[in-house]
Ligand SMILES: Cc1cc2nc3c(=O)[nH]c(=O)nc-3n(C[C@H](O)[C@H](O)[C@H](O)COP(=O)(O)OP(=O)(O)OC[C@H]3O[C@@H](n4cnc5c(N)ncnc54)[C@H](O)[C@@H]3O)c2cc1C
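Here we start with a single chain on its own, the form predicted alone, put down as structure tokens.
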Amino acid sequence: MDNSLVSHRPTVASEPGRTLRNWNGSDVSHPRVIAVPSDSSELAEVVKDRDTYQSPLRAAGSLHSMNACFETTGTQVMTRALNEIKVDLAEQTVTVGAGVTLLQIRNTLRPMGVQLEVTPEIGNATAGSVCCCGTKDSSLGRTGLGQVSSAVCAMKLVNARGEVEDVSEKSDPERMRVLRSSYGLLGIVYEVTFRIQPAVLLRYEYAVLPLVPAPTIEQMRAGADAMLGFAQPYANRIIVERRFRLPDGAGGPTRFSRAKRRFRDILWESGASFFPARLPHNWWFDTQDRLLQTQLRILTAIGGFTAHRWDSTVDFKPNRSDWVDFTFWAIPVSRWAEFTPAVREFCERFREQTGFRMSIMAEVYALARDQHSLLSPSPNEDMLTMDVVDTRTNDPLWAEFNKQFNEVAADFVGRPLLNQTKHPNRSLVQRTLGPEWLRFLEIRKREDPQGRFLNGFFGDLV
């Protein structure tokens, strides 16, 4: 027999199935088998071999999704062996394997004085996730990007037929637009190319404003290039972190600025998760409200601080004693003045009825209008997010709070992220994502009619 005619399958590293939990333990996956491909040929073999690697196939990186979008009863494809990093300073790009985290990218680029165009808080998220799912940072400037996937200029994936697709923004911009919000339903990504840019230096200042009546986005920005808000609906306040872009060549942060930045991060880390996880929730919320706004006002009074934009990326280590959980909604700026009193009313009503209230402030990101992805959270106008947060990850009242909050946000034309919004359902997704969702469903059905990548979570939505 001519051995040259024998097909040699690649050997894919595989493990027996076991229960996998996401970062904070709020959702679990029960795969029958775990596959760990190390390159595109091994990944293609996994997709094609339906007997060994049963459906549904769902990719997983750092398991930092906030809902069950990653779960499977079939095959979990772990991307950790896809870990190469290649920087091209001439082309201003970085190309990485799907299992590379945003922290690893940041740490590789930092000595070169460059960064990703978007530097989100969740540094543990992997490239394979952020290129086709949702995560964000406040947009820098009125036309700046706020979604990490919008900075993706090329990606390689294996589709439901086991074929390799090599797609770029230049070769097929519309296909890229679909893939940037495909949530792993059109294929499993194994390589991603991001645009990079020179490092951005920011000056940070703080202000405390009433939440109701809602300040306009201009009042919150006060001339800043970007802003992050910490909304306190029970105290009727929003602490605004204003970020002013400094000119190129301004020089790096001083030692005093770095110390103040570290103080800010400790405030957010301890105030947001450490103490609320250990102290009575209602007591700490009131104390936190007073302490945090006072301390941040002091930071502003002594000149604020400067920091690189990449410093906003945080290492959310999974081995910790204090967990947080959050949900995502983006609200049109044009509806913000109506939305904030509705949120306050909902929070107070829910507390009166159940005794439950959030133990942590809600985060408010300013997202510029962005049509780079089909299911973008800001396709038609600028948006302000409302990420409600709590430490009681698996409390039934937290789940019920989220389900009711979903309806409040949807009433104000809110937009979800399907990997960060808690407890979405079919009617809610159809109502909020509208024609774009119906178009995506047609594409998904055409490209994966047998549901190779369709798990129970997304099956309930489609």
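Computed from a predicted structure; not experimentally measured. A residue's number is simply how far along the shown sequence it sits, counting from 1.
What comes next is about the form predicted in complex with the ligand, which is not displayed.
Stretch 119-127 is the answer when you ask which of 119-127, 332-340, 241-249, 374-382 has residues with heavy atoms within 4.5 Å of the ligand in the predicted bound form. Using a 4.5 angstroms heavy atom cutoff to the ligand in the predicted bound form, all of F70, Y365 and N419 count as contacting. Though the ligand is absent from this view, in the predicted bound form it lies within 4.5 Å of a heavy atom of just one residue from A35, V47, A60, A409, which is A60. Only one of the listed residues (G184, G229, G304, P233) places a non-hydrogen atom within 4.5 angstroms of the ligand in the predicted bound form, and that residue is G184.
Taking the partner from the other structure, the ligand in the predicted bound form has no heavy atom within 4.5 Å of any heavy atom of F356. Mapping the unseen interface onto this chain, C132 counts among the residues with a heavy atom inside 4.5 Å of the ligand in the predicted bound form.
At a distance threshold of 4.5 angstroms between non-hydrogen atoms, H64 is in contact with the ligand in the predicted bound form. When contacts are judged by a 4.5 Å heavy atom cut-off, I188 counts as touching the ligand in the predicted bound form. Residues of 370-389 are not found to place any heavy atom within 4.5 Å of the ligand in the predicted bound form.
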